[in-house]
Structure formats: structure tokens, C-alpha cells
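Here you get one chain, nothing else, as C-alpha cells; it is the form predicted on its own.
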């Protein structure tokens, strides 16, 4: 193997790999990236056997070959180089020689035959979705996925078709629920048990940071594949049944509150200074023209914030977890936000005013 490649492109692809590799595995090979050089360029492959990444990079290949190298070490080396072009060459003793300008590194490698083969992927159908829409789906739902790995059915995001050419992503941790929709073209062919893992979604989101093109989604038996120019991401679906979320959606609203999004975000940021205990609710008093948010704590102190609102319905007082509301407001981009409340202990529905492609449910907490 002997090739020349653009340093910035190589560094960008190696950065994408860092979330895939398994640094603490009993199998050291899972912390490595497989480098395969051919007439088509350089292909980088990384996997933890649940998630796999394949990146295809343009390069000038003088001699084909392949080698597995520690992905974190190679990334640190490439990122530290100053020259615009990097030479990668397979040296003696399965060592990777890295040259750029006056810099020279020699990294230990493992023969490619030791790298685990990627599983076969049986595609049922393919759909195209705009990268911006896919980013929004993830941003509006991923934060609500349960972090407790023992809560089967809650530790992944659900995907379903809700009409012609419309896909819905749903996530919940039992205390809040996020629903976001986007248009697609083609055939999704979703499997019956559909739970997208948190890790896979996190890696996918990073790949979409700078992209602005159509993304291909494909599903097979218990797996999903995402393809964009020069990159492919594959991950296994979780083995779990998403809860019947529609049963918890509020059917009516007796109180509708509208307020300025930025003002509420700013107020909650200050309240959160004292709201460290997630098990204790913060008091929200909704009255005509004004929302009062306050905390009274003998050990941490007191804080009161007042926000101008428009209230339809009778005054209402309820307790909420501030962090949950902050996460939801962070996923809303409209100028104004709307609360639909069914009672002091009934589920609250939050939406961005003028945005009908997402809504959020949060359960109030009992005030002591």
C-alpha cells in the first residue's frame, strides 16, 4: 500500500470514525480502522459489530494494499500534521508509515485478515430524504431516548410511516415524548420492530453536520443503512418493542398558553441555576398575561422569573422538570411556543407556533 491523500479529507473521515470504534473492547481489533487502497481510492472501514462506517476517499494510489491501524492514534497524527498532502505507506513488519512535509510517523498495524467482516445487508427498499430534514428528526427526538439500557422499548427511537411519503420519528423516556415528521421519496419498507439505537443516531447526526444533499435510507433484516456521497453507515436495530405512545397523547386541552420562545428559554436558564434536583418540580403559575416560575429551597435559595404570556382558559399551577422543558425548547426553532395543558397533572403538549411537523409531550410533576 502506497498512496497520497488530502490531509483535511482524511482527518474529516477519521473524525467520523471516532464514535464508531470500541476502545474498551476485549478485542483490540475493534479499536482499529481498516484501510484498503485500490485503483478506486482509499476506503476506510470501522465497526464495533453493532455499528459500521465505510468512507470512500479520493487518493492517488501508487500501490494497492490494506492494513488495520489504531483509529484514535492515526486520527491524532493526521490532525497534528501541517502539510496539505499526506503519504500513507505499508512498511516492514505491518507498520504504517505516515509522511507529510518534514514529519514522519510509523504506527503499528494489524493484518487486514484479522478485521471482522461486515454482515451482509439485504435491502428491502430505499428512500431518499433531505439531509436537513433528517438532521431535524434526530435533533427533535434523540434527547428524549431513555438512557437506562434496561428499559427495553424506551432506549431507541421509533420510526413509522404516517401517510403518503411522510415518516415519523418518536422517542420517549417515560417522562417526555418527542414526535417529529418529515417528507421522503421512494419506499421505506420498515421492518415490524423498529428501534433505532442512540449510538447509531448520534454518529449519523455528526455525519450530517455539514452535508446538504439527499440521503438514502435502506432497511434490511434488523438493520438500517444510511448512504451519502462517499460515506455509508450501517447499524443494527434494537431488539425491543416501542410502547404504544398514542395512548398517552392528550385528547383535549383546557388551557392554551403562548409566549415568546427566546424569553422563556432565557428565564429557564436562570431558574436552572438552582434547579439541580431533577426529582423536585419547579412551580409554574399560569395566569392571565403572566407566567410566574419560582423555586423555594431552604438549602439552595429562591428564584422567581416572570414571563409575559397569552392565556386562554382558567389560571393553572403545575410543576415541571426544568431540564425536560429546556431540552424541548432547544428542539423548537419558531419565534413563539405554545403550551396546551389539560390540567395540573395531565400531560402538557408543546409546539412551535406555525410549525406542524413536530410536537412534544411532557408529564407534570406533583407539587409538594
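Positions refer to the first chain, counted from 1. Just so it is clear, the model here is predicted, and its values are computed rather than measured.
The protein also exists as the form predicted in complex with a further copy of the same chain; that form is not presented, and the subsequent description refers to it.
Within 4.5 Å of a further copy of the same chain in the model of the complex, a heavy atom is found for none of 12, 43 and 254. Only one segment in the set 68-76, 127-135, 145-153, 225-233 has any non-hydrogen atom within 4.5 angstroms of a further copy of the same chain in the model of the complex, and it is 68-76. Though a further copy of the same chain is absent from this view, in the model of the complex it lies within 4.5 Å of a heavy atom of just one residue from 182, 214, 81, 90, which is 81. For the residues 269, 193, 206, 175, the 4.5 Å heavy atom test against a further copy of the same chain in the model of the complex is passed only by 269. Contact annotation: residue 121 falls outside 4.5 Å of a further copy of the same chain in the model of the complex, judged by heavy atom distances. In the model of the complex, residue 58 stays away from a further copy of the same chain, with no heavy atom inside 4.5 Å.
Interface membership of residue 95, defined by any non-hydrogen atom within 4.5 Å of a further copy of the same chain in the model of the complex, is confirmed. At a distance threshold of 4.5 angstroms between non-hydrogen atoms, residue 335 is out of contact with a further copy of the same chain in the model of the complex.
Residues of 300-317 lying near a further copy of the same chain in the model of the complex, listed in sequence order, are 300, 301, 302, 303, 304, 305, 306, 307, 308, the criterion being any heavy atom within 4.5 Å.
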